[in-house]
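Here we start with a single chain on its own, the form predicted alone, put down as structure tokens.
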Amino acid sequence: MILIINMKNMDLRDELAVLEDYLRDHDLKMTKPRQTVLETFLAIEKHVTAEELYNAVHASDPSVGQATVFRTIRLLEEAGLARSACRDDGARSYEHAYRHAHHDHLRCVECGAIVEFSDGAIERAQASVYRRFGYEPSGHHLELEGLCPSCRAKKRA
């Protein structure tokens, strides 16, 4: 898989500040490799696995190792810059979290296509479940699975 990355005109000041604050609060340092991983992750506007992110980082800076990328994506998730998304082909994928609205996912079990959607009725039903069982909401991940229209058409043919 080839990822197209557009670093032009990216204003990373806010995201960089969020990561720097998180690292400082946890007695960790901002390093050039961590910044490279952040910049590369933010330039990819799709769900990305840690392996895909590593490949993209490695293409721009071969000195950044796989372990650094894998550890840094977890730091980005802990800092609120990334969130775990669908498990494409069994591998966890990540998406942008900071300044990105909550949404759920509909994934085709045949081709892996993903539709991101928001549905007020689903959100209200979840709130009702929280209330019914006395839970305080802290978040959720909803992934619906099915066959997309294209794969259904191929199966009929």
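Here the structure is a predicted model, which is why all the values come from computation and not from measurement. So that there is no doubt, residue numbering starts at 1 and follows the sequence shown.
There is another form of this protein, the form predicted in complex with the DNA, and it is not shown here; the text below is about that form.
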| query | finding |
| --- | --- |
| Contact at 27, 68 and 91 by the DNA in the predicted complex, all three, heavy atom at most 4.5 Å | yes |
| Region of this chain that lies against the DNA in the predicted complex, out of 125-133, 39-47, 105-113, 59-67 [heavy atom, 4.5 Å] | 59-67 |
| Interface membership of residue 74, the DNA in the predicted complex, 4.5 Å heavy atom rule | yes |
| Contact label in the predicted complex: residue 119 to the DNA, heavy atom within 4.5 Å | no |
| Contact flag, residue 34 vs the DNA in the predicted complex, heavy atom cut 4.5 Å | yes |
